[in-house]
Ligand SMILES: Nc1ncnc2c1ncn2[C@@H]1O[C@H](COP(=O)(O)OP(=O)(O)O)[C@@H](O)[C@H]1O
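The chain below stands alone and is given as structure tokens, in the form predicted on its own.
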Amino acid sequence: MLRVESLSFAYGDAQVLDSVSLEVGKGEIVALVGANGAGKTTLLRTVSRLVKPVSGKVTLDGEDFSRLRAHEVVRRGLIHVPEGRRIFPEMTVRENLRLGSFTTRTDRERNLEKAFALFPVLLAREGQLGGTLSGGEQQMLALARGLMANPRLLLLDEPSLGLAPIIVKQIFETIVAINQQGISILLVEQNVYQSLHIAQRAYVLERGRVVLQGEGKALLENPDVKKAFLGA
């Protein structure tokens, strides 16, 4: 579904991505793991066209994204839920969700119902300002807002960052539930154990290069992964 081929990106003389290639198949959860500064967030930003690569190619269902701008990528069904949630704190929950459907207005009410069914707490808070929600509720709002655009592929950047363990568990259960609706997911996560546990496949990024790939649960047993990320 998604194919990234030899993608490179640099900030001035600093090479951040170096010929990265990866794929996400239809209906898959694919995890991208690596240390801080490995280039994970930059890769997602490059795929979603928030920044332009130095070289390489990104295609979704065979369509080349090289000449598209970010909002055109959204219209193709590739939705990026960024690190830090990036909700609008002075807008209500409902207003945040409605804004997420600017490309899919005809489906807005149906998608609102689906979002509230997936996140009942948001229905209870629909008139509340986004900035007054708890961290976990804000993350739920960010995920729900992404779903308002009818995604075929979700790019999720650190959805569990800074959340209490019980909320982290809920977030990962929700990611699996979203995937079971037929939505493919490319997941960047600092919680390596949980992300590899739910991912069909995974890539390990180190200094802007893919150094390891394989089935998610197989990588959990890889001694290098255990040493680098699982404290074993």
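Residue positions are given as counts along the sequence shown, with the first one as 1. The model shown is predicted, which means the values in this text are computed figures rather than measured ones.
Another form exists, predicted in complex with this ligand; not displayed. Remarks below refer to it.
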The unique member of Ala38, Leu68, Ile178, Val168 whose heavy atoms fall within 4.5 Å of this ligand in the predicted complex: Ala38
Should Leu22 be counted as a contact of this ligand in the predicted complex, where contact means heavy atoms within 4.5 Å? no
For Thr42, is any heavy atom within 4.5 Å of this ligand in the predicted complex, or not? yes
Does any heavy atom of Val16 come within 4.5 Å of a heavy atom of this ligand in the predicted complex? yes
Assert contact_stretch over 30-38, 56-64, 193-201, 169-177 against this ligand in the predicted complex, heavy atom within 4.5 Å, equals 30-38
